[in-house]
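Starting off, we have a lone chain in the form predicted alone, written out as structure tokens.
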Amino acid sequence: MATATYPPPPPFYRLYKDYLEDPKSAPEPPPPIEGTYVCFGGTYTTSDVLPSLEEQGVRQLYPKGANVDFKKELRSLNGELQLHILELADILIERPSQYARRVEEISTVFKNLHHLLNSLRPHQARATLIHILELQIERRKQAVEDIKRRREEARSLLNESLATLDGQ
């Protein structure tokens, strides 16, 4: 039995057969999804809210609240991570059967680091957007200055041409 290299297109392509003659004949796109949805077996939500560590079932290692010193806490968690990795190396040498608890502690520290970094994403996005807009403003100012300079060059060239024509 022969098989095709590529499968046939889905049957709904027929809905667009008169599109070139009448673009309004095509069906309207579906409404945007709101709330939760399932994609490839995973449940996702359309809201961009960072879930707390407690909601994820992870113990929070840094203080709770709005005014967290991110730099201090990231350094603290980094030092704690290094300490746990050294302790894991010691345990793997001395008591290899007891490594699971240290690996779990390292996982908790990593999850806390990741959560702190994800908390900074909105700030990073705003700073990046501000930087991009400042670059666009600078480029536009340079373009305006270039146009003004070229206008003056053209004006002086026209004046020279008029003076040359008047002199003849």
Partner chain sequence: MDIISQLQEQVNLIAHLAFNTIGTLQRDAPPNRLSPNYPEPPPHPTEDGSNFSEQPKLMSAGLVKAAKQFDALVAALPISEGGEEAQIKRIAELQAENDVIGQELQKQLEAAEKELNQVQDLFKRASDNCLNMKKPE
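The structure presented is a predicted model; accordingly, all values stated were derived computationally and were not measured. Positions refer to the first chain, counted from 1.
The protein also exists as the form predicted together with its partner chain; that form is not presented, and the subsequent description refers to it.
The stretch among 22 to 30, 54 to 62, 40 to 48, 113 to 121 whose residues place heavy atoms within 4.5 Å of its partner chain in the model of the complex is 113 to 121.
Though the partner is left out of this view, I85 does reach within 4.5 Å of its partner chain in the model of the complex, counting heavy atoms only. Its partner chain in the model of the complex is not approached by K17, whose heavy atoms all lie more than 4.5 angstroms from it. Not displayed here, its partner chain is approached by Q136 to within 4.5 Å at the level of heavy atoms in the model of the complex. Mapping the unseen interface onto this chain, R95 falls outside it, with no heavy atom inside 4.5 Å of its partner chain in the model of the complex. Contact annotation for 133 to 166: residues with any non-hydrogen atom within 4.5 angstroms of its partner chain in the model of the complex are L133, E134, Q136, I137, R140, K141, A143, V144, I147, K148, R151, R155, L158, listed in sequence order.
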